[in-house]
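One chain follows as C-alpha cells, the form predicted alone.
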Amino acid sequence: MTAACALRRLHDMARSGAPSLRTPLTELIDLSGRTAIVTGGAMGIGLGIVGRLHEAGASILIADLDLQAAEAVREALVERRPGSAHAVGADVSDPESVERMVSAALERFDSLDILVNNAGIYPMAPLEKLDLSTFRHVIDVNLTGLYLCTKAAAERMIARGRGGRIINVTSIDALHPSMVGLAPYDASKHGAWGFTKSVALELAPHRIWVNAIAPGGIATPGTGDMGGEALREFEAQIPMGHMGDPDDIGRAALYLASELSSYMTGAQIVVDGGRLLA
C-alpha cells in the first residue's frame, strides 16, 4: 500500500466514524467523572494503581486495613485535586466491612465505575510447616475477598446501569509457581484467574468488563519479607534483569480502566519483565 492510499484509508475511516479513529487519545485515557475503589491502596502495588487512576482524573476511594496509611495517601491526593479522594479502613474478607466500603464510595462520590481488587497477602511456608489457619486466612483474603468486593460492586454497577470496570490483581503464580512456600497464595491466585473469566462472561451483558493483571516481581515493602536469598534468586531469573515498580502495574491498571481497553474482558495482562519466559 502506498502512503497516499494509506492516508486515503485513514481519512475514510475517520469520516465513517470507525472506532479506531473516532475518539482522541487524550479522551481514551480520561477518567474524569468516574469513581474507583482500590483495595490495599495505601502502599505498594495498590498505591501505584491509585496514583495513575487519580492522575487520569478519577475520584479514588482508598481502602486499606491500615487506615492511617490510607489517610496519608488521601491527603496527598486532595492537595492535587480537592475532594478527589476518600479513605476507609476495610477488611476485604469481612462481608460487612466490604459493604461499608462500597457504600462509602457511593455516598462520597455518588458513583462507582471502577473496582480494583488488589488487597492480598502472601505468607511463605513450605507444606510441612503450613498450618490450616494460615491456609484459610490466605484464601479468605485473596479469594473470598475478591468475591465479596466483586459481588458488592457489581450489584451497584448493574443497578446504576452505566457499566463498569473490574480489575483483579492476580499474579504470574496464577499461571506458573514461582517458588516453594507459596502454595496457599498460588491456590488463591489460580482461583482469582478462574473467577475473573467466569464473572467476565456473566457481567458482559451489563457492560461491565472484568480483567486481570498478573504482576511478576514488584519491588514493594512486602517483598522484603521474602528473604534476601530467595529474592536474589527470583530476580536473577528475570530477563529484564530487575524487579518491577508499582507504577508498572499502575500503568496496566490505567489501560484496563480506560477506553484503551474498550474491547477486552476476561483477559489477563502479564507484567513480569519476562519472568515467565525463564
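In case it trips you up, residue 1 is the first one in the sequence shown, and so on. Since we're looking at a predicted model, the values are computed, not measured.
If you look for the form predicted together with a small molecule, you will not find it shown, but the lines that follow are about it.
Though the partner is left out of this view, S171 does reach within 4.5 Å of the small molecule in the predicted complex, counting heavy atoms only. Taking the partner from the other structure, the small molecule in the predicted complex has a heavy atom within 4.5 Å of a heavy atom of G217.
F195 falls outside the set of residues with a heavy atom inside 4.5 Å of the small molecule in the predicted complex. Proximity of P221 to the small molecule in the predicted complex falls within the 4.5 Å heavy atom cutoff.
Segments offered: 85 to 93, 104 to 112, 71 to 79, 150 to 158. Contacting the small molecule in the predicted complex at heavy atom distances within 4.5 Å is 85 to 93.
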